[in-house]
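Have a look below at one chain only, the form predicted alone, in structure tokens format.
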Amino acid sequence: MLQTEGLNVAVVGVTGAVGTRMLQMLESSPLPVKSLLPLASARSAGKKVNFGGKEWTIEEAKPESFDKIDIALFSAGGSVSKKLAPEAASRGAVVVDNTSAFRMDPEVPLVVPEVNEKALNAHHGIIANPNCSTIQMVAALEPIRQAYGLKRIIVSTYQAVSGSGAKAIMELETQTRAVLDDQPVETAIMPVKGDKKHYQMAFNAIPQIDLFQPNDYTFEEMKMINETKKIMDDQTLQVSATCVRVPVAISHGESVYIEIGKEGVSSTDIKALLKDAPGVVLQDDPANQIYPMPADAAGKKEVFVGRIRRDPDVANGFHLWIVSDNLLKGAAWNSVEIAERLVALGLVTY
């Protein structure tokens, strides 16, 4: 419901998979939204979106679009953010950016509210939303780090194709039908649309997300490594990642191995911590086959954790299985949650 007094909010990339969900999250949020400015590329200008019981016309995103905007949620690609986010901030808007454009900028807070909300106080007009796979992992691990310390993280991801956009979901669906109908499989997007080769995603797993870097890690893997250290404010933390795309539409899964700084901790202790952790749902009952799964997490805002067990050979080592909707907590919801905290902390007023 729109408010007579409140915030002027812009959503950049409003027609995309994340942008549409940003509108949904805003609709269900207690944020006092007075007006919405839906923004996209020129080809989407003139189309309509529904929000707050009204129909709003999409406009082309331009620097002047952000005059009188209080909060601008960006999810239209890094090049758009690099061009327009500073413009929006210079006009008085606080930007929450869902791309990788500013994540490692030392002047830009990289925020998961359940982990490092205090970092919002240091913003200079732009706040970065972390990578989807990073968000769910640090949200689950932060309570453990606070209680027992955290020395090492090794993560292997099982990431949904929606992380590559709506067209990747369509490609998966088309390929799946082709395989089942014994027809030729066309490949154009996965693993990376701009890379040299493309592979079948249906009934497959591809150990490449984003482009390979000189150290043979992919950019996605390096994002998880570097972002985790920044969010947790610990450059001594040992982090390694292997990121794999799997034929799932929505929700990332992660197998995470950690080594904590305290001896004598049991898996029961870890479970007790996570049972009451903010934004986390514990699903861990092996005897009854209860554990997180992507199909169950899709459409939900929480981070789901299960399969918690101590390593058989390392006394302070533990394994966890973490699942979350990459388009919600991994993107749209975390962005709106940041906006909520900005208002609650008095960093954005109206």
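Fair warning: this is a prediction, and the values are worked out from it, not measured in the lab. Residue indices: 1-based, along the sequence shown.
From this point on, the text means the form predicted in complex with a further copy of the same chain, which you will not see here.
For the candidate spot formed by Thr242, Asn288 and Arg307, every residue has a non-hydrogen atom within 4.5 angstroms of a further copy of the same chain in the predicted bound form. With the partner left out here, a further copy of the same chain still marks one of 141 to 149, 86 to 94, 126 to 134, 256 to 264 in the predicted bound form; by a 4.5 Å heavy atom cut-off that stretch is 256 to 264.
Using a 4.5 Å cutoff between non-hydrogen atoms, Gly165 does not count as a contact of a further copy of the same chain in the predicted bound form. Contact check for Val314: a non-hydrogen atom falls within 4.5 Å of a further copy of the same chain in the predicted bound form. Residue contact check for Gly77: none of its heavy atoms lie within 4.5 Å of a further copy of the same chain in the predicted bound form. Using a 4.5 angstroms limit between non-hydrogen atoms, Trp321 touches a further copy of the same chain in the predicted bound form. Of the residues in 150 to 180, those that come within 4.5 Å of a further copy of the same chain in the predicted bound form through at least one heavy atom are, in sequence order, Arg152, Ile154, Ser156, Thr157, Tyr158, Leu172, Glu173, Thr176, Arg177, Leu180.
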